[in-house]
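The chain that follows stands alone, in the form predicted on its own, written as structure tokens.
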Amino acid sequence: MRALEAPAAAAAAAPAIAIAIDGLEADRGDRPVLRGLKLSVAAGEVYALLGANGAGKSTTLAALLGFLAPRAGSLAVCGRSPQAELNAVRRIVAYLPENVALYEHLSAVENVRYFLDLAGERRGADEIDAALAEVRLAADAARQRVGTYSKGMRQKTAIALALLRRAPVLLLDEPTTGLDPGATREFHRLLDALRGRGVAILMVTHDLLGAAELADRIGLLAGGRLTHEWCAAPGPARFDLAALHRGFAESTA
């Protein structure tokens, strides 16, 4: 009797979904903010979420981090619920707020070692030095007090920490605000390296041009819902900037 043949494998398996949000409804106080939000981010993908102030970008991050209980809908990070498995979710998520909070009187090396210890993820001195070198924080700067750092240097320290934690999901809140063009390019390089390692990155931002340069997909949040979504095309002109501007202008009118 002839054995059954398995069907040919797909040329490339679809990447796993790291962030899944479906029909999410959430309030801030008595004010409804998210009204049926649906989006997903795959492993190795950069997703930029645009929207006017009050559109619900930060509320989305708060729900993913377990700081805010949704009223309806579902959300999962690598298959885990922030409401039911909060500690497990926080172990697999790295979060960079607009202003990275570090201990001013400690160096980058000391900050990284301290936060790794808190997470129960000890790393050797050589590993910490290698991660800081990978994000191009100079060895002498890595041993200076963080109180002397620019915003770009603080972000490099936070990215080095994310590398060392090996978190599969990175959440960013307005990461390029206040950065000069050179620091912004360097930050994008770091995110591109993380994407190459399979990290899923959700970035909320007002920086439409920066999103167009880096993101694989761009979503526009308005009225608590995703009203537009664009996918990057091959080649240098990755997005139709006129369409992005038009969609953003319509959402804020």
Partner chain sequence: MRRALVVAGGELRLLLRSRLAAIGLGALLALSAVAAWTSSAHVAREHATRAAHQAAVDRLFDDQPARHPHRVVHYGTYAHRPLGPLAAFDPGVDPYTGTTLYLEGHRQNVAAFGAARESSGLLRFGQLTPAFVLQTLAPLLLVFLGYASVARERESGGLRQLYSHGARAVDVLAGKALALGAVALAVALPAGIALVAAAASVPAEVPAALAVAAGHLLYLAAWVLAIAAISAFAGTARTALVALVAAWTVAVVVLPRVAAEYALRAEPLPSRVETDLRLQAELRELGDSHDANDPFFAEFRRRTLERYGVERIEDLPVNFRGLVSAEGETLTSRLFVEYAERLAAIQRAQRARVDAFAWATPALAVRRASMTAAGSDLENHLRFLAQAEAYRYDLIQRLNRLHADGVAYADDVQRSRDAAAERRTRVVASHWQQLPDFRFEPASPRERLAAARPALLALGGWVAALIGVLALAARRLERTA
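None of these values were measured; they are calculated from a predicted model. Residue numbers count along the first chain shown, from 1. Rigid core: the largest C-alpha set superposing within 1.5 Å between the two forms.
Not on display, but discussed next: the form predicted together with its partner chain.
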| query | finding |
| --- | --- |
| Its partner chain contact in the predicted bound form: R123, any heavy atom under 4.5 Å | no |
| In the predicted bound form, D180 touching its partner chain (heavy atom, 4.5 Å) | no |
| In the predicted bound form, E127 touching its partner chain (heavy atom, 4.5 Å) | no |
| In the predicted bound form, Y149 touching its partner chain (heavy atom, 4.5 Å) | no |
| All of A139, E174 and L191 with a heavy atom within 4.5 Å of its partner chain in the predicted bound form | no |
| Contact residue in the predicted bound form, chosen from A131, L102, M153, A167 - any heavy atom within 4.5 Å of its partner chain | L102 |
| Position in contact with its partner chain when the complex is considered in the predicted bound form, options H206, K38, R197, R28, heavy atoms within 4.5 Å | R28 |
| Residues within stretch 117-139 having a non-hydrogen atom within 4.5 Å of its partner chain in the predicted bound form | D117, L118, A119, G120 |
| After fitting the core, N99 CA displacement of 2 Å or more between the shown form and the other one | yes |
| Post core alignment: R145 C-alpha displaced by 2 Å or more between the shown form and the other one | yes |
| Inter-Cα distance between A162 and T176 in the predicted bound form, nearer or further [3 Å or more] | closer |
| CA-CA separation of H206 and I159, closer or farther in the predicted bound form than in the form shown [shift of 3 angstroms or more] | closer |
